[in-house]
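Have a look below at one chain only, the form predicted on its own, in structure tokens format.
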């Protein structure tokens, strides 16, 4: 398993989406998120987008007011994870049209569905934007 968790956090440090691929209790999740968010938001734009924390490597990227943080194993390729984050944002952009924090908040189930189409059990399984969005578009048609 490569990806351990994916977080979307706003500039104030509030978690807007969290997806975990390993078991952690609610208290462990809260503590981990607080530590990671504090560490990543304190970094400047001149610093690299990789941080080591506990037994994770955190790869993050900021898009507008949202930070996308991905916790991976220490032997995972950081650049591939940055590509994955960009793919996720592009996919959400295609569906929502310039995705923002409010899109995530008001359509949380769609954001989770996109992640579920892309990542299974911590492994990236789909990278085609049209294949990821096809089931969501079908659900939108039917409702």
Partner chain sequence: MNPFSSGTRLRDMIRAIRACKTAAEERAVVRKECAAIRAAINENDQDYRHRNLAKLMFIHMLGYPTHFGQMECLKLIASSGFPEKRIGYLGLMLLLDERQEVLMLVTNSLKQDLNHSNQYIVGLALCALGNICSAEMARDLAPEVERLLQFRDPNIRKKAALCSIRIIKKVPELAENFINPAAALLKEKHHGVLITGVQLCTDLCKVSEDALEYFRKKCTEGLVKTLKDVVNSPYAPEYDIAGITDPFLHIRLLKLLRELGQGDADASECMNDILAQVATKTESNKNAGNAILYECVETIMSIEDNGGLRVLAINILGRFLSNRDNNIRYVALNMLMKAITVDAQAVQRHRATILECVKDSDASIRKRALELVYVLVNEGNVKPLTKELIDYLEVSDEEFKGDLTAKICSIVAKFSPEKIWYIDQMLKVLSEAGNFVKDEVWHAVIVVISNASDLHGYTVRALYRALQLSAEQESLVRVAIWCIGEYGDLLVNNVGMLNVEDPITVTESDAVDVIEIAIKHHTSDLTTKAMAMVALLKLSSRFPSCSERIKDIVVQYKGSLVLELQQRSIEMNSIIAKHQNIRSTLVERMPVLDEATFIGKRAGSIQATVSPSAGASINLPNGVAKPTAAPLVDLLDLGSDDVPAPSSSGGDLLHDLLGVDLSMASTQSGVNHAPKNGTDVLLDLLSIGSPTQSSQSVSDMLSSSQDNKTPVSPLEGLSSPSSNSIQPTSAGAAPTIDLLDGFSSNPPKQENNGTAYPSVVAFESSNLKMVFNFSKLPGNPQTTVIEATFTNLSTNIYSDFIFQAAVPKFLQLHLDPASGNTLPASGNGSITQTLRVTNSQHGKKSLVMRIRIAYKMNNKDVLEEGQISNFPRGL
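Keep in mind it's a predicted model, so treat the numbers as computed, not measured. Numbering follows the first chain given and starts at 1.
Quick note: we don't show the form predicted in complex with its partner chain, though the next part is all about it.
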Counting only non-hydrogen atoms and a 4.5 angstroms cut-off, does residue 42 reach its partner chain in the model of the complex? no
- Report whether the minimum heavy atom distance between residue 79 and its partner chain in the model of the complex is within 4.5 Å. yes
Would residue 108 sit within 4.5 Å of its partner chain in the model of the complex, counting heavy atoms only?
yes
Residue 47 versus its partner chain, in the model of the complex: is there a non-hydrogen atom within 4.5 Å? yes
Of the residues spanning 2 to 21, the ones with some heavy atom within 4.5 Å of its partner chain in the model of the complex are 15, 16, 17, 18, 19, 21
